[in-house]
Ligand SMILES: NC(=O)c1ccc[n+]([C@@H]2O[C@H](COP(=O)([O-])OP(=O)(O)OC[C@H]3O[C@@H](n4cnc5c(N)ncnc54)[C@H](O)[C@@H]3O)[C@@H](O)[C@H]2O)c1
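Just the one chain here, laid out as structure tokens, in the form predicted on its own.
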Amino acid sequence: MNNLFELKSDVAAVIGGTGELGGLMAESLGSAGAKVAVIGRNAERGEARAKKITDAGGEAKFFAADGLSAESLDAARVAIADWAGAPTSVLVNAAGGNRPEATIPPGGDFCKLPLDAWRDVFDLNLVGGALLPSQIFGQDMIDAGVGSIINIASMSGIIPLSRVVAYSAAKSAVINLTMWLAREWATTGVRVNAISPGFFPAEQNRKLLFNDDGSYTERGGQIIGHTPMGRFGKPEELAGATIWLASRNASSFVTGQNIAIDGGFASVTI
């Protein structure tokens, strides 16, 4: 059974591996035996994450690239194949985020949402967070006849959350693109799935969820009240689904799926 989850023959590229959740996913792939390319714009964090993987006995290297630049992604694709001795066979698209300018504050006016802010969020999450990387790395997978693409969506792509209208719409589009690509590439050997994390405290959302004294903010309390497990997620709880979807042995007949890892959040009717 353990062989189902070994990735020793895989080269995994994790775009957004410099972030907290993407970085933990990169570590999980490394622990399963994959050669891991940590991809992002922050060299300091990328090098640190790659070192953490190698210190644990894995193989990893940082590659600088911008998810919104096809040229830099393609350069990274070539460099990764040279380093690993084989093309990328697992792609995790973990880059993304929100913009304050694209968020509707309490009592705010949707009709005054700046179009540029909306476009920025869609570019960040849909174009750079799924579309361009899948185009750049997907061709090698098609040529090899095997591959797994894992897009990182969100609870807000399933249930549109208040205030984050552009982010919710963009992540919904990521799920739709995942399903479309899964159908389009189903006979090529390339599987395309998504993971929708629930609420995982990280650097970018910690102040949204917690007060300075460690208590829940109003929004944090609402989320906990809506989560059957009654807690936030831990980054390491994404590891199992990541390895499972990456493995051609364990999930060979799984494509077009959106796996919610949310403590039951999406199962509760609002």
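Just so it is clear, the model here is predicted, and its values are computed rather than measured. The first residue of the sequence shown is number 1, and the count goes up from there.
Unshown form predicted together with this ligand; subsequent notes refer to it.
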Taking the shortest heavy atom distance, is Ser247 within 4.5 Å of this ligand in the predicted bound form? no
Wondering, does Ser31 line up within 4.5 Å of this ligand in the predicted bound form on heavy atoms? no
Should Ala202 be counted as a contact of this ligand in the predicted bound form, where contact means heavy atoms within 4.5 Å? yes
Using a 4.5 Å heavy atom cut-off, state whether Leu208 contacts this ligand in the predicted bound form. no
Contact stretch among 239 to 247, 214 to 222, 38 to 46, 52 to 60 - heavy atom within 4.5 Å of this ligand in the predicted bound form: 38 to 46
Each of Leu21, Ala94 and Pro197 having a non-hydrogen atom within 4.5 Å of this ligand in the predicted bound form: is that the case here? yes
If we test each of Ile150, Leu132, Leu124, Ala76 for a heavy atom within 4.5 Å of this ligand in the predicted bound form, the one that passes is Leu124
Residue by residue through 50 to 75, which ones have a non-hydrogen atom no more than 4.5 angstroms from this ligand in the predicted bound form? Ala65, Asp66, Gly67, Leu68
